[in-house]
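Below you will find one chain, with nothing else, as structure tokens; this is the form predicted alone, and questions on how it binds or moves follow later.
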Amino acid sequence: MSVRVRFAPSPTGLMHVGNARTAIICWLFAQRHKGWMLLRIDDTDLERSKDELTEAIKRDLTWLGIGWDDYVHQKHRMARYTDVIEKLKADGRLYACYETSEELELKRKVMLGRKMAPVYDRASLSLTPEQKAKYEAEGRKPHWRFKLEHRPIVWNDLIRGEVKFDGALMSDPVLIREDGSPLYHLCSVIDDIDYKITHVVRGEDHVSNTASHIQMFEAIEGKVPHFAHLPLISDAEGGKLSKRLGSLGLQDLRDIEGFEPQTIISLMGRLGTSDPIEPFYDVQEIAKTFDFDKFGRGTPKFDAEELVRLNAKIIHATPFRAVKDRLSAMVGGAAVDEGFWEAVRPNIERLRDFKDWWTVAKGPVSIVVAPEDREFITKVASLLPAGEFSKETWNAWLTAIKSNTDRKGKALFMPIRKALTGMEHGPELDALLPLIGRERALERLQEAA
């Protein structure tokens, strides 16, 4: 079977870590099986859906490196939905209901008070034509429910295993609003049929929806796809994701936090699986090992600090050719050579950190040396080797310093580092000195003294 999946975001907000995870998993599964992926924009809610948010979703997916083989807007498929709706009405699977939201809430409270499941009682099925006409004369417009068959609904979920529902214990879902617009459930099923989707991947909060969707597939005479319901992610302490983390947008992760796309895919592609979370510079390597059998049913914990650790490891494995243009743009278009990148890369967690090290090497830097170290700095400046600096310069200079002063350890190294860089940590001085150069190093030492 050729794998066909879809990612179906609603353009009512920016992409966040939750729906990015679904997109990544759909894409990895399709890549693993050389399959096909649809980007479907679920924009039947015309009031809340925004074109600029659609473009933001496409931009975020492109940044992640996630492509799609076809693209569709639900708002452009209304004629198709109407045809199916009319058929379901004619078949008796959609029926008109006239209860107000207040009346439905009262019924719900009464049933809960009687310790009964708040299942819709199908009262509208017994309405006479005269009763319906009376309601409509009062200005009531019907909403339409899908009539579930009262029988077992069973499927083998790719993550949850066998799942069973009893149609008799479920409420008939509302599929058409009072204004005549179709809800997500029916549109999604029609699209999955028309685009021959073989696997539907979504959160476990959709499990009960899937039970009713299966009967919709059958009512429309479409092939029921396979389902994989992902456990919802929690925060690092195991609680519900906070607003800050749960709605952390990809735009923020990219533009504010400065993470690489491979970092997001490395974490989200393995989160909740039996495979270890590890950095992948080439994300196709994750796809090669992807398997729904590796997903557990437990709640995976999303730790934002894990992104920082993964990002650093990915940066450390990133070749110069992959970032050359970005680095140059970061420093105002200046030419950056591979040697500079190799020297500072081990000290970078995010690519944007490169600019700090460029400033350390090229200046200006703020140099503050303790008064008791100034005489020492004057001495080490006089011992600075002549000629162009190389990686061997530091050891030659260090040998001279040790022979001509009584300092050692931190008391020797720290004042020199602070005088040269204005910082207490960073790349090894043997790598950093050639980047600073003799003239600039001498100027800084003299300033510090």
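From a predicted model like this one, the values you see are computed outputs, not experimental measurements. Note that residue numbering begins at 1 and tracks the sequence as displayed.
Although it is not shown, the form predicted in complex with a small molecule is what the next lines describe.
Taking R254, R202, K107, H226 one by one, only a single residue has any non-hydrogen atom within 4.5 Å of the small molecule in the predicted complex, and it is R202. This chain is displayed alone, yet in the predicted complex one of H206, H143, K301, K313 has a heavy atom within 4.5 Å of the small molecule; that residue is H206. The stretch among 154-162, 370-378, 86-94, 181-189 whose residues place heavy atoms within 4.5 Å of the small molecule in the predicted complex is 181-189. Contact annotation for D42: at least one heavy atom lies within 4.5 Å of the small molecule in the predicted complex.
For the chain shown alone, V5 is not a contact residue for the small molecule in the predicted complex, no non-hydrogen atom being within 4.5 angstroms.
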